[in-house]
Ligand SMILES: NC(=O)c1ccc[n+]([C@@H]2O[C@H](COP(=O)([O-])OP(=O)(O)OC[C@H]3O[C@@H](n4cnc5c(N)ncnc54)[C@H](O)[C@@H]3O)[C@@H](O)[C@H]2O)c1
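There is one chain below, alone, in structure tokens, taken in the form predicted on its own.
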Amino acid sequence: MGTYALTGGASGIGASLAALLREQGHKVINVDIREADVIADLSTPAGRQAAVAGVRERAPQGLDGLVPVAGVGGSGPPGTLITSVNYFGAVVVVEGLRDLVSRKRGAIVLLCSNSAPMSSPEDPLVASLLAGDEQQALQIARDNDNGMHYMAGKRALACWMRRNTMAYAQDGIRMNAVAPGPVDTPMTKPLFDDPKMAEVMQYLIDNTPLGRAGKPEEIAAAISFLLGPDASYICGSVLYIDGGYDAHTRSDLV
């Protein structure tokens, strides 16, 4: 059995993934701000380094897989927090543990979103994220209160994955991403309850061919597949797990 590290395993998709991997007999190292094997705040550089150090201490022989699930979203958290956790909290941890995944020729799966295409590729926030300039990105997020921070961060994360696919593959690492639509988790529940956001969320559901939100275990199952040997020739892909929303709304973009 393998050794897998993930962030955000205390709730939602991360908790479902951790449970599934353990049911399969794997060792799981969970990083989260609470109720985890490694307690770390991924919104700060120091917290990310603590996360990397904690995983390295628990998996000195290497990792069969790594999944940075931790993230924040919705209408409540400030754009700076969304930016620091969702993008840098994923990329910095992946880069910091790259050699451990390479040691076992393992797999990495990033958590993106089907909302990423709703942001503009010309967004200066996307450019600053891809440049790795956290201070500039945070300043842009602070000054621009347009509510697009989540989508821009997920677009940048998907772009980062695709740009680095070749380099990681040369290290023996398959790297992919999943792009869920709305999923019934503690993070999304406030969106459905918020009068300002409920109409938007209902629009998304109404334009989802399957007509419902996803379940955390459905996303976890897809991630588990991408981590495993049956996905051995899948590399650099973004798998939409959104009940058909992307196909319906971007029918000709393939």
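Since the model is a prediction, treat every value here as computed from it, not as a measurement. The first residue of the shown sequence is 1; numbering continues from there.
Quick note: we don't show the form predicted together with the named molecule, though the next part is all about it.
Undergrad: Answer for residue 21 alone: is it within 4.5 Å of the named molecule in the predicted complex, judged on heavy atom distances?
TA: Judged by the heavy-atom cut-off of 4.5 Å, residue 21 is well away from the named molecule in the predicted complex.
Undergrad: Using a 4.5 Å heavy atom cut-off, state whether residue 185 contacts the named molecule in the predicted complex.
TA: Contact check for residue 185: yes, within 4.5 Å of the named molecule in the predicted complex.
Undergrad: Please check if residue 85 has a heavy atom lying within 4.5 Å of any heavy atom of the named molecule in the predicted complex.
TA: Contact with the named molecule, yes.
Undergrad: Determine whether any heavy atom of residue 149 comes within 4.5 Å of a heavy atom of the named molecule in the predicted complex, and answer yes or no.
TA: No.
Undergrad: Looking at 111, 140, 93, 173 here, can you tell me which has any non-hydrogen atom within 4.5 angstroms of the named molecule in the predicted complex?
TA: By the 4.5 Å heavy-atom cutoff, the listed residue in contact is 111.
Undergrad: Quick one: from 217, 194, 37, 41, grab the residue that has a heavy atom within 4.5 Å of the named molecule in the predicted complex.
TA: Filtering the options by heavy-atom distance leaves 41.
Undergrad: Heavy atoms, 4.5 Å, the named molecule in the predicted complex: which of 93 to 101, 126 to 134, 162 to 170, 112 to 120 makes the cut? Say which one.
TA: Only one stretch passes the 4.5 Å heavy-atom test: 112 to 120.
Undergrad: Going through 16 to 33, which residues have a heavy atom within 4.5 Å of the named molecule in the predicted complex? Please give them in sequence order.
TA: Going through 16 to 33 in order - heavy atoms within 4.5 Å of the named molecule in the predicted complex - the hits are 32, 33.
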